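Consider the single chain below, provided in structure tokens and representing the form predicted alone.
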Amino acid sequence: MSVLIVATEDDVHTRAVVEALETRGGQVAVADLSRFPQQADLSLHFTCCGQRDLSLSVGEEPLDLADIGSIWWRRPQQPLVDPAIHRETHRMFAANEMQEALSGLWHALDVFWINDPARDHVAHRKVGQLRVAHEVSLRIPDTLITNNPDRARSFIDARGYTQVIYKAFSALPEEWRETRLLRPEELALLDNVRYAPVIFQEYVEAVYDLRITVVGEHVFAAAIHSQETSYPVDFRMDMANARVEAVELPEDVCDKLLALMARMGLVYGAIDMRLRPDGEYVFLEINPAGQFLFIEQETGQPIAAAIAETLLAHDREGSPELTTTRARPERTADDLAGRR
């Protein structure tokens, strides 16, 4: 049996897991969907007798999908419409046909997923994340998502602008949107939310940020000392100067996070939280395809290995037993917070 990773071949996270799989004797292929259909062939043959022949070429060798036991839905790329198709309606038609064929393929496979594409799609929705997090008793920030300027003003007035952050649902490399603490000069711009909804949240004071990477039952928690950097509101803006170290979460927080993963149907998730000075843990969001190498490199937590072992453990021919112990660093969150 083989493992399939849906991603680009130059993705460094993909490379790390490929290496971990091959080190453990696994067979692995990488499917870059942006090569479909110009440089990749897809054939799905269903016979009247119920037999299936599903194949996808990924590179020089065609891949027999019957031989795939598990798939890492890492970061799939969009298929590219052939530039030979010029008319816009024809391009839209071709793009839709490609999406339908690929979606059908994934639903036709009887494999183990990290993460199932349908679950992954739903889990990326920030609004749904907050709902599920609240349902599993995680503390979430007071949040308003609105394109109504009056509702935004009321939310800000109730807390004071120094206690409100705002952020976007997504960011593009060309249009980066970090989380920002509201500034007084921005109050005059609130009418602009009419053009697109904005996420407003209470500002959560922090001892430090937490990046918690969950792989199956493995919980890898790391403290990111964002308050020591030049931009304590969003650790991503000064990550090069952020001190990172492994920590251990309280048992009840781990249990709630695993319950969150189970409710969302996820095997892998990169979760952002904050530890407040009063010791309360606050859930911010989860990324089903979040980066992990920057944590692994700083803490030594074997996250790529855990992903590889999980994929192999669920491969149809069986593989190494999946361990279910949680990563336990030497120092706990309470130690780092100065409470113990």
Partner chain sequence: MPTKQKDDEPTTPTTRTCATDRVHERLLRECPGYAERRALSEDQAWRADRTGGAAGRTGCTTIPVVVHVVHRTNAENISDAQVASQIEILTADFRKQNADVSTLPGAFAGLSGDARVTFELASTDPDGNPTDGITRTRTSVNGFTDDDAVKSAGSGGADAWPADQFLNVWVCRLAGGLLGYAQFPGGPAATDGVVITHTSCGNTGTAAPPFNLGRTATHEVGHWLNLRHIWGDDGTGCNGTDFVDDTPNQGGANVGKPAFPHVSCDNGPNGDLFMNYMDYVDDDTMVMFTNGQVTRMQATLDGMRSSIGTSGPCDGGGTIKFVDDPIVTLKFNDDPGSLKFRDDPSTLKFRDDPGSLKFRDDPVTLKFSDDPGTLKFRDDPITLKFRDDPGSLKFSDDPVKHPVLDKPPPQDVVKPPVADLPIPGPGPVVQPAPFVLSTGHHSRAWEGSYEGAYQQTIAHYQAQLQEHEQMLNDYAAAEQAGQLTEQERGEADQLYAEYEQLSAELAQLQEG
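On a predicted model such as this, the values are computed, not experimentally measured, just so you know. Numbering follows the first chain given and starts at 1.
One more form of this protein, predicted in complex with its partner chain, exists but is not displayed; see below.
Of the candidate stretches 123-131, 110-118, 253-261, 240-248, only 240-248 contains residues with a heavy atom within 4.5 Å of its partner chain in the predicted bound form. Contact annotation for Ala84: none of its heavy atoms lies within 4.5 Å of its partner chain in the predicted bound form. For Met92, a non-hydrogen atom is located within 4.5 Å of its partner chain in the predicted bound form, even though that partner is not displayed. Its partner chain is not drawn, but in the predicted bound form it has a heavy atom within 4.5 Å of Tyr231. In the predicted bound form, none of the heavy atoms of Ile145 sits within 4.5 Å of a heavy atom of its partner chain. Proximity to its partner chain in the predicted bound form, defined as a heavy atom within 4.5 Å, holds among Met98, Val193, Val204, Ile140 only for Val193. This chain lacks the partner; the member of Trp73, Tyr208, Phe220, Phe200 within 4.5 angstroms of its partner chain in the predicted bound form by a non-hydrogen atom is Phe200.
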